[in-house]
Every structure is written in structure tokens, then in C-alpha cells.
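Given as C-alpha cells, the chain that follows is alone and in the form predicted alone.
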Amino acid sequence: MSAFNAIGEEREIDRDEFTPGVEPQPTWCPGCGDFGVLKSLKQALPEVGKTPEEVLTVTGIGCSGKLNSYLDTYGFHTIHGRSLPVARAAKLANPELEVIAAGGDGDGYGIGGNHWIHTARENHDITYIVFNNEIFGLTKGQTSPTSPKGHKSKTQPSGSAKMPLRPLSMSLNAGASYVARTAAVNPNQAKEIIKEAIEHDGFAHVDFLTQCPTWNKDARQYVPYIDVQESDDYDFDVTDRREAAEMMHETEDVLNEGTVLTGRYYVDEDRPSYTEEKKAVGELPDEPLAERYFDDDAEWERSYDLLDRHK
């Protein structure tokens, strides 16, 4: 895919542009599924015509938080569960920026669960990738919101008594306009789904199944995957909310039984994003706030008044 450089000349984008010039030594364990997310992003971004300076990657705390150390885009490493509020602010300030938020299942579905629900409800134009390995990996193996019932860990030595969270159904019910699941061991599908999520105008949630070879050796991510778009056994309309909900429910039921279904589940191209809604009611200017230059006396006066009011 080609892009235009600063002087307007068209050029080809190389995926190596997304590798830092001084590449840090990876701290992910050998065999970690997080490498699959990184590879998929490096493949997808140039294919949708994005250059490193057009992309912001926002991460939370956990193994997934290292993503923007290995991906040469603008990066923001936030605190626990807070990747989405930062990503939302960045997108509102500069709608022309491609904003990708990332977190783990503990960080994103647990600590940051409230932000996830409301970002989906408001349909912010953000791609949200959740590294779902069904465990708190960085803090050495505690039970996470997606750990299966009965899972034994240091915090649940007799087995978890909790039902696992259903991230696909939760996202759909909250209002996300794109919901998909893919897996690190299915790189071709992962790349295509990430490309679609980036190009989608609205909140695109990708539940990315990753294996944790250190703290979750029994994870079901090792079993063969079935792509619901490729299989003759599954026929549903991804634009039909009711059919998508039924398919997600079945997918999340069989995951607990050891069968992993992946693919696109819901796509709503008609719903306007939050940025579009704000512009429509006059609460956001057409030009990005990030590029706004205060050369107007009235703007400065308004700013001083606001500061005085909040002293």
C-alpha cells in the first residue's frame, strides 16, 4: 500500500518502518502469543496505508503494555486499565490520528472494564485489541476475568468458583459497532481482522486470543480453531444484531467446552462515531483541536476567563 510523504510524493510503505530503529530486547516469554499481535499489526498497518507518524498506540499495564515499545508509532503507556480514556481524548483532539488501544484481559476486562463499556456505548472511533490469555501473566498467574470456572491458580488454589466473563456479548450489548475474535496462531485471519477494525469508523473491539506458555499452560488456545466465516457449519449475517448475538453466545459457550470459534461477529457501518456525533451538534470544530492555533484575541480572552473561573 502506498502513502504520501510530507512533500506530497507517493511512496510505498514497508512493514519494517514499524520496527524501532533501536529494537529493545523483548521481555515477552518465548512462545508468548503477544508476538502474534505485534506481527499482525506490523502487517496490517502498511496494508491499510498507514505510516508510523499517523498512528498512536495506547497501552495499559501488563504484558500487553510492552506493545508500543516494539512498535514504532507514537506511543502512550498509561496506568492500569486506563488505555481507553487516553485513547478517547487523543482521538477527540485529533480525529485524523489512527488510535489503537491495547490491554490484557485483566487490564482491559477487569481493571478497565468500566471504560470499555462506556467507550463501546459512545462508539468512539478506536481500535481496541485485548490480548486475552485468560490469566494475569505479568503478575505471575492470578485468575483473570476470562479464566474458566474451576481454573486453579495461586489466588484460587482450589479452582475458581466464578463464571468467566463473555467479552464478545458484553461488547455487543454495550454498543460496539464492530466485534471480532481472532487468535495468535491464526496469523492470516488476525491480520485481516485487524485491517478491518482499523478501517472501521466506530468502536472496533478485537478479542485476540493469545497463549501464555508460562502461567497458563492448560489454556485452550492450543486447540485447533474454526473460522466461522470459512466454515460451512456457520451461516449468519454479521450486520444482523440478533443473529450476531446468537452466534457470539454459542461461541462463548463452546469455548468453555474446548472448541475455539473465531471470526467477525458484528459490523454496523451505519452508526456514526462519537466524533461525528459531536461535530454534528457543533461541539467539535471541523479542524482538529490538536492543530488549532490560538491567534484570535477572543479565544485567548475566553481561555483567561475559564482559568479565572476555576481558580
Ligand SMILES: Cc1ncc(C[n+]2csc(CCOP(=O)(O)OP(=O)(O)O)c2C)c(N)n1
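Numbers follow the displayed sequence, beginning with 1. Note that this is a predicted model, so its numbers are computed, not measured.
This protein has a second form, the form predicted in complex with the named molecule, left out of what is shown; the following refers to that one.
Engineer: What is the one choice in Ala197, Ala190, Ile135, Leu209 with a heavy atom within 4.5 Å of the named molecule in the model of the complex?
Structural biologist: Looking at Ala197, Ala190, Ile135, Leu209 one by one, just Ile135 meets the 4.5 Å heavy-atom criterion.
Engineer: To verify the annotation, which of these, Val238, Leu92, Leu165, Ile111, has a non-hydrogen atom within 4.5 Å of the named molecule in the model of the complex?
Structural biologist: Among Val238, Leu92, Leu165, Ile111, a heavy atom within 4.5 Å of the named molecule in the model of the complex occurs only for Ile111.
Engineer: Even though the named molecule is not shown here, does Ser64 get within 4.5 Å of it in the model of the complex, heavy atoms only?
Structural biologist: Close contact exists here: in the model of the complex, Ser64 approaches the named molecule to within 4.5 Å, heavy atoms only.
Engineer: Look up in the model of the complex whether Thr139 has a non-hydrogen atom within 4.5 angstroms of the named molecule, and give yes or no.
Structural biologist: Judged by the heavy-atom cut-off of 4.5 Å, Thr139 is in contact with the named molecule in the model of the complex.
Engineer: With a cut-off of 4.5 Å between heavy atoms, is His151 one of the residues that contacts the named molecule in the model of the complex?
Structural biologist: Output for His151 is no: heavy atoms all beyond 4.5 Å of the named molecule.
Engineer: Taking any heavy atom pair closer than or equal to 4.5 Å as contact, tell me whether Arg121 reaches the named molecule in the model of the complex.
Structural biologist: The answer is no: Arg121 has no heavy atom within 4.5 Å of the named molecule.
Engineer: For the chain seen here without its partner, which of 257-265, 278-286, 239-247, 55-63 has a heavy atom within 4.5 Å of the named molecule in the model of the complex?
Structural biologist: Among the candidates, contact is made by 55-63.
Engineer: Mind listing which residues of 83-122 have a heavy atom within 4.5 Å of the named molecule in the model of the complex?
Structural biologist: Those in contact are Gly104, Asp105, Gly106, Asp107, Ile111.
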